[in-house]
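Given next, in structure tokens, is a single chain: the form predicted alone.
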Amino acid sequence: MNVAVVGLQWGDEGKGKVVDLLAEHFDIVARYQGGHNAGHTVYRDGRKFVVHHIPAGIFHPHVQNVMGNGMVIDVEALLGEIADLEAIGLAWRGRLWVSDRAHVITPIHRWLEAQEEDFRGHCPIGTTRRGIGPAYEDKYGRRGLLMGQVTDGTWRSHVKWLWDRYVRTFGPAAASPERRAEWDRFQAVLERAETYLADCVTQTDIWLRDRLRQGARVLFEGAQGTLLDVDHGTYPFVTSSHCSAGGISIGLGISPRWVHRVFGVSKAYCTRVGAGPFPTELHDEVGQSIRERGAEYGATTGRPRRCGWLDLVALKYACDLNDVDGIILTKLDILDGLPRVRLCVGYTLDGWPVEGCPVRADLLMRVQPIYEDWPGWPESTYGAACLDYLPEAARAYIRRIEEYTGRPVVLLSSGPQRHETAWFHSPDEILRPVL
């Protein structure tokens, strides 16, 4: 059976740990979108690791890992991630496969994204400024550089064309000595990658379909979160790819029929990095306490995350959009000790009740949340290994999430380490083949 793991909020839900936890049950972990604007954090033997391009399944020696055609790749950053793996003695050759049709992020993309954010002034998107959006723009503008071109040596003429186009579009003044030097350094990186990555860049869609037909079990890894999906998120405050489950087929080149189950990851509260609507955001000491206790700082940029109460309206929207089979809940322990916890169960807009979740940013910015207050729990839930270890108030909180969304909570991550996990249903039951 093949399973997808997707984020149900604005990213940063803890998908890295979940993928690492589930990967031991699979043969392949395949990522289908995004770039190094994502950061999946994994703890192994008490040590913290963060991967940005490479699927979190890389930490399991038996697992093959695929970076799909739906991704955009910063080659220098990818080489750096590989070097980090080699430094800890983790073998990756023969276990990491990169689509020859994944697009390459260039320095031009970073320059353009920074200029765009600066041009927006007091209302930026809040991107990582790593060139993700402009790389996807070039992809759909049919002028992108492919990973296959990097490793077959045809990148040189294309890179020259990209530079000439940049100078013609923005004028010679835009080609400062500093930018020319960065462009030359980019070419030196491609020179190295041409041979260094030659044996792992391939037509991954054919490779993956062959193994699926042979019976391989695949875990599909999403990056970012549903509310950042370019079509189904809080546009325009979104990422530039399809991070909901619908992106799997296009981003990997497989039929949707190969995705048998979808599990969504959600924190027990909400966070968001960057700008955009956030109806339940807390601007008080409770929000600050959640940020500090939860170490809510971006794995990719280190930016402080905005924090707020769990928004069940948005969560149900994401559950319905992905048709998830269950919810994996993370960071419940961060709410430990609060005298009261709140759940958003509805919105009003201009004084009138709103039906569903109006994800369009200009509407969502205007809604007012309707809250239910629930008693907190003084006991610690950190490290809880089963449902019975949770205080009754915490269990009631979880039951309300299940009732509102219509989905069961199947697993609770009660800490960053792999063993700090409470399975509400056994792994065998959750991952049982669909008949």
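Start at 1 and count along the sequence shown; that's the residue number. The structure presented is a predicted model; accordingly, all values stated were derived computationally and were not measured.
Missing here is the form predicted in complex with inosinic acid; even so, the following discussion is about that form.
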Inset, instruction - Using a 4.5 Å heavy atom cut-off, state whether residue 273 contacts inosinic acid in the model of the complex. - result: yes
Inset, instruction - Answer for residue 113 alone: is it within 4.5 Å of inosinic acid in the model of the complex, judged on heavy atom distances? - result: yes
Legend entry - residue 238 within 4.5 Å of inosinic acid in the model of the complex, heavy atoms: yes
Inset, instruction - Determine whether any heavy atom of residue 126 comes within 4.5 Å of a heavy atom of inosinic acid in the model of the complex, and answer yes or no. - result: yes
Inset, instruction - Please state whether every one of the three residues 12, 224 and 303 places a non-hydrogen atom within 4.5 angstroms of inosinic acid in the model of the complex. - result: yes
Inset, instruction - Work out which of 73, 315, 228, 327 lies within 4.5 Å of inosinic acid in the model of the complex, going by heavy atoms. - result: 228
Inset, instruction - Could you work out which of 56, 394, 30, 38 is the residue within 4.5 angstroms of inosinic acid in the model of the complex, going by heavy atoms? - result: 38
Legend entry - Per-stretch contact check against inosinic acid in the model of the complex, the hit in 30-38, 60-68, 404-412, 377-385 (non-hydrogen atom, 4.5 angstroms): 30-38
